[in-house]
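The chain below stands alone and is given in structure tokens; this is the form predicted on its own.
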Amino acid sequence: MPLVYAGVASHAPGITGRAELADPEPRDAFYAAYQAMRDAIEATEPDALVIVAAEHFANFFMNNMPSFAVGMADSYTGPIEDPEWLGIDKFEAPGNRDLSQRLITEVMNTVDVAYAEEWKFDHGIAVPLHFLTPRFDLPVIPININCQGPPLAPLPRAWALGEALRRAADAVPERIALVGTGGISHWPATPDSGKINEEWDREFLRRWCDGDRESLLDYDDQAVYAEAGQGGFEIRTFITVSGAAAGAQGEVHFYHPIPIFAVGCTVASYRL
């Protein structure tokens, strides 16, 4: 079946963990946009949600840091963080080991990926699931991209991963929804936490909506670090979704800097 949904959203831990400290107007509008994303995904009647997130040293560390890793289990637990700090209770999310294996097998024809039969979800996946599958009734297939410890996967490889995921989704009978989660500009766990480069974010989202491979891959990690912080490396997850969307036009449903969440909060999707 063809890919039925492709979108992106922010995943910062403050989105759920510091909700009461945020300005209510943009916070509530952001939550409403997440709800609209959930409704849009449910309307496509997917059989599984493939969620592409960034590694935060939760499951992998510098002794073994794959560029790309895909979950291959029948269930996953989370959050790995303190539930009171994150504002999300402990949960078990369903997976689909057989579907994961078939997708991985197809992806590996062009892109090398690691796979993991044990995976604990951190905020990068737990926060989006809190909004998108709150009943945990939709199988999840997690994908992590190393956006943390250099050397990072080159941006063209993130795009190629998206193309491979699209090909894999089109090759299976199940209906696949795809969501990438991450930044955009942010400086987590630094004295600059809460800083947001809105101009940079909006320019990146313009390029993302156009689905223009050349302009999206024109970013340089040194410039990204200077202008968007180390959290800006998470554009890889957004670029992966662009590669899967195959030139579709995108739309930003919500963008607003919310400093207490330490990120420019984003919800966007492609019109497949």
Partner chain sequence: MSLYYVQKFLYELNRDENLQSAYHQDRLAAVTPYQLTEEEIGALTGPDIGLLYHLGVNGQILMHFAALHQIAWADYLQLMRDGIEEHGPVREGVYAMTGYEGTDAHAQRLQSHPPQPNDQE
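Numbering follows the first chain given and starts at 1. None of these values were measured; they are calculated from a predicted model.
The discussion below concerns the form predicted in complex with the partner chain, not included here.
Proximity of residue 94 to the partner chain in the predicted bound form falls outside the 4.5 Å heavy atom cutoff.
None of the heavy atoms of residue 171 is located within 4.5 Å of the partner chain in the predicted bound form.
For the chain shown alone, residue 187 is a contact residue for the partner chain in the predicted bound form, at least one non-hydrogen atom being within 4.5 angstroms. Though the partner is left out of this view, residue 40 does not reach within 4.5 Å of the partner chain in the predicted bound form, counting heavy atoms only. Proximity to the partner chain in the predicted bound form holds for none of 46, 101 and 175, with the criterion being a heavy atom within 4.5 Å. In plain terms, the part of the chain that comes close to the partner chain in the predicted bound form, with a heavy atom within 4.5 Å, is 144-152 out of 101-109, 131-139, 67-75, 144-152. Contact annotation for 27-61: residues with any non-hydrogen atom within 4.5 angstroms of the partner chain in the predicted bound form are 56, 57, 58, 59, 60, 61, listed in sequence order.
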